[in-house]
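First comes one chain, alone, set out as structure tokens in the form predicted on its own.
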């Protein structure tokens, strides 16, 4: 997983780390059971204080996306294939979505443009999922072919 952060952004670094990890989970780059780097290692890799990484991991833990254990470290807990989200996530997410959509409306973005952009973002998640499905199908076909030869 490559994390690219913008040191000049108005978004705090811990929030950027949190956001990049959520995006990696959404696109399938990280799946349930994937280990995340230790806070110290990621802090060193990104040349930031490990407490900043710890804050990002704590947010992800509170959101139920990762679990943190002293022995195993931080591990992805949920991914798109984990089933429906747990309460109160849907209601909390809708409240945040409302604010994002209100920002677009307040800036004068018309509804068709909002729908087009939302669809474009969702397509990036769907495209990755289809690619993995195709890859899994190809791997299964190859396995069956090899099994038939044996």
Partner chain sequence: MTMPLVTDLLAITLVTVLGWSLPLLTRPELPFGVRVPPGYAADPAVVGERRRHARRVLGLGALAAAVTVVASAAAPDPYGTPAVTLAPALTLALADALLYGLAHRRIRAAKAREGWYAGTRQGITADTRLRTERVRLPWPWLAPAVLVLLATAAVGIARYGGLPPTLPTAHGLAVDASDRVRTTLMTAFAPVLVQAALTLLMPLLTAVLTRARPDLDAARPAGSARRYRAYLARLVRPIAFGTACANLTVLLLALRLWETRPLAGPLPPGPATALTCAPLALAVVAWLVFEFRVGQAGHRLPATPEEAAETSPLVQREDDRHWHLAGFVYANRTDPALFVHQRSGGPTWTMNLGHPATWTLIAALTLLAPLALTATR
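Predicted model only: the values in this text are computed from it and were never measured. Positions refer to the first chain, counted from 1.
What comes next is about the form predicted in complex with the partner chain, which is not displayed.
Remark: of stretches 94 to 102, 38 to 46, 81 to 89, 60 to 68, the one touching the partner chain in the predicted bound form is 38 to 46 (heavy atom within 4.5 Å). Here the marked residues 107, 109 and 112 all miss the partner chain in the predicted bound form; none has a heavy atom within 4.5 angstroms.
The partner chain is not drawn, but in the predicted bound form it has no heavy atom within 4.5 Å of residue 126. Remark: residue 15 does not count among the residues lining the partner chain in the predicted bound form, judged by a heavy atom distance of 4.5 Å or less.
Contact residues in stretch 2 to 36 (any heavy atom within 4.5 Å of the partner chain, taken in the predicted bound form) are 2, 3, 4, 5, 6, 7, 8, 9, 35, 36.
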